[in-house]
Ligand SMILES: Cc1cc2nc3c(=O)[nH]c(=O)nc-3n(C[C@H](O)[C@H](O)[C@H](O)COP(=O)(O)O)c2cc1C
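Only one chain is given next, in structure tokens, and it is the form predicted alone.
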């Protein structure tokens, strides 16, 4: 792999975004109480540049960076690509890098770790010393973790997990958050710590490099430190925690260390989520005791404000889920031509393009998708043929409305794994993570005769000879239309 010029930390990323016009510096003072969240939310809804808020009320020396990866332009910048790169180009680059050799992290001395510039231990530990924002009006509290990585390690297997699990500040030494039982952390807790009544060490890293955040959000089977190295083209710099044996990104802005308590829970929520709704009611959830806080000088807290599309919660998750499913299907020999999850589906619908070479292929795709580790994060799969551009919603919607037979093309799977965040789920189903899933088969039956049974698609590129198409395209401006529409 050639040299990659990706931003190595959050500060380089901010500067790169400012330089390209994809971030703006806000000099005036911004209130942590709702105002900062409102700015970020409006930026997401308008597709605006990311706000870098340099002056936070009550917190001199701290700043906010909101909506870090809520656009494909900023995702391209994070990967060291041209901001104008198309989504298929970004996806191809992601797949190329994640199919390369893993790059193991390196451990650095604490003296070389910027995240150790300020260290709070013992009685000095107080989350209120950080500019924790009230992200949405109506949230159950101020949320420390909205764009971050919660780092844990299985004590027997040794596998490390960087995951994005929301964390609400309960008091100066306590956080609570939603950890679903099917998540990696949820499985570690139920597999080992909770049955033994033991606390689970954790570290929350805030203000990660954009690719470290991408790794923490991606449902990849590759360990996140190695995945981050593969995406960036160089080893991730890690440093040992102050109060436990976990290793954290040395260039992160803020590190919070502590213990997940096995026998004590405090209330958390509600919180505006990636679905665009506030769905999970206040409840007693996984509780984190804080034992240490370390942070850089002039630290920046990253904020993702989840709500109606689009923000990082939809864009990055849909991007990585789609590509991981494409890798899975191809590994099983399915002749897929692409997989796309539109971020405005709030990463709930997979659109799969395939060469329909045999009967039942759509059902096979759905069973593989829903039965995989990725399955609980979406509940709809739409399968279209290889002549449909999966990135063109007009084509996809047309295929859905005209080729999906209401009786034979819609297949519902009941009593599957769901999440507490599904707006359409009943309160009972949310509480117990019960879901349902559906396949929309938009393929012509393989036993239909292609000449007599399959209807002809009437479109410019399908029914006219190539020479006529080329003549019309080349003469488009001469006809009096604006520009050459191709």
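Numbering follows the first chain given and starts at 1. Computed from a predicted structure; not experimentally measured.
Keep in mind the form predicted in complex with this ligand is missing from the figure; the text below concerns it.
For the residues 118, 243, 372, 183, the 4.5 Å heavy atom test against this ligand in the predicted bound form is passed only by 183.
Taking a 4.5 Å heavy atom cutoff to this ligand in the predicted bound form, the contact residue among 251, 224, 291, 247 is 224.
Within 4.5 Å of this ligand in the predicted bound form, a heavy atom is found for all three of 165, 216 and 317. Not displayed here, this ligand is approached by residue 306 to within 4.5 Å at the level of heavy atoms in the predicted bound form.
Contact annotation for residue 207: none of its heavy atoms lies within 4.5 Å of this ligand in the predicted bound form. Although the partner is absent here, residue 202 lies well away from this ligand in the predicted bound form, with no heavy atom inside 4.5 Å.
Although the partner is absent from this view, residue 295 stays clear of this ligand in the predicted bound form, with no non-hydrogen atom inside 4.5 angstroms. Figure note: of the listed segments 173-181, 403-411, 68-76, 334-342, the one touching this ligand in the predicted bound form, with heavy atoms no more than 4.5 Å away, is 173-181. Along 130-150, these residues reach a heavy atom to within 4.5 Å of this ligand in the predicted bound form: 146, 147.
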